[in-house]
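The chain below stands alone, shown as structure tokens; this is the form predicted on its own.
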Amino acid sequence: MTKEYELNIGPNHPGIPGNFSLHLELEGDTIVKANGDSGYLHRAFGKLMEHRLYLQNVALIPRICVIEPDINEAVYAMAIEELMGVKIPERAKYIRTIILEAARVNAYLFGLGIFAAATLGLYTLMQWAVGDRDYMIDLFASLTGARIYHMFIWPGGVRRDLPPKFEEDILDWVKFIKDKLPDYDAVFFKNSMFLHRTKGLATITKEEALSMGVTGPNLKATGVAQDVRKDEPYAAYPYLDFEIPTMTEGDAWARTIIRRLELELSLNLIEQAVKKMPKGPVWTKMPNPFKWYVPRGDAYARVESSGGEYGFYFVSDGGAKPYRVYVRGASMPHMYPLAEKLLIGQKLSDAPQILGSLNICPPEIDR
């Protein structure tokens, strides 16, 4: 007789990438039903923004995505700029690109490190990745004094020009990470344990991915070269030369390898942006930020985050506060319904690998 039972994984569990829970129904060790249970982290950011002045929200929004906070600053600023008809200076476009790509690299380092350690026991990669990421965090701190939440990108451009030696220092960091990639490959990406536990696991087709609203590496792993940086270029991306990496396997292995390729792509984009960046102003003069009255209308601004398409839908009634804000976190469709679908029929021991390959960020769900 096969016994059916329920098992809760999370919100504090080494195989769960963040503060959310999974309710699993199992027959033996086979998953027959999976229900995500979010809500253990911060919530209601969209509603909070509607009760704050536009400038006050600049300090609030980075917390929606802790690992990659700068994407929130960018989409918030872009939505306001669209409604106000503001064009940002050319140098500011390049600075935004550098910051966004550095934040993406940091997010990949952290995510891959967690995947390696929490699901496969490869703690060496976790220690390397977190340590290497910390060098860039030190550079971020030089922008505003803040290590994690920088509040550096805001409407009109960026708060101030880059500090002395920043460009030289970030190129040194890029070279340092590139030199470490062969070690990352040897320890993790070419590790037989990683290959054995991920190849052929939780495969999804491009048709299924598109029907569920999947974006980012999870979509690119099915062969679809969809990327906001190419499809709807923003910041300095129109001036940079790059191609979007794709694979066709659509499994946990391909999703993880895409992130490895994207990490290297981001390093190359930082190099290009630094070398092509012009001199000049970094901010378009705006009214008193405590008295921003954004014209009536609505706008949707989006960027390509490490998880996929990340956007803000913004509605203004012409007042000093947003009328409505909706945050489109990239992780929402990757948890509901994608993870719930992919887990069915899998072994309980494979659940952490599946979730790690999807790179779900709970703050983007509990927003």
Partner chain sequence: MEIERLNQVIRGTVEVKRKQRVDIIVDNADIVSALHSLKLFGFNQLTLVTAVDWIEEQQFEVVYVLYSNAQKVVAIVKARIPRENPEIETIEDLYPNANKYEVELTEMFGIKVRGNPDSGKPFLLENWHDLPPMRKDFDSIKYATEHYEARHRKENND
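The model shown is predicted, which means the values in this text are computed figures rather than measured ones. Residue numbers count along the first chain shown, from 1.
Note that the form predicted together with the partner chain isn't included here; everything after this is about it.
- Partner proximity in the predicted complex, defined as non-hydrogen atoms within 4.5 angstroms of the partner chain, places exactly one of 242-250, 208-216, 185-193, 255-263 at the interface: 208-216.
- Although the partner is absent from this view, V315 contacts the partner chain in the predicted complex, with a non-hydrogen atom inside 4.5 angstroms.
- Though the partner is left out of this view, G319 does not reach within 4.5 Å of the partner chain in the predicted complex, counting heavy atoms only.
- A residue is said to contact a partner when one of its heavy atoms sits within 4.5 Å of a partner heavy atom; E232 meets this definition for the partner chain in the predicted complex.
- By the criterion of a heavy atom within 4.5 Å, A34 is excluded from the residues contacting the partner chain in the predicted complex.
- Against the partner chain in the predicted complex, the set K47, R324 and P337 is in full contact: each member has a heavy atom within 4.5 Å.
- Out of the listed residues L122, M151, V224, I114, V224 is the one that sits within 4.5 Å of the partner chain in the predicted complex by at least one heavy atom.
- Between the options E82, D132, E271, D161, the residue in contact with the partner chain in the predicted complex by a heavy atom within 4.5 angstroms is E82.
- Taking the partner chain as positioned in the predicted complex, none of the residues of 164-179 brings a heavy atom within 4.5 Å of it.
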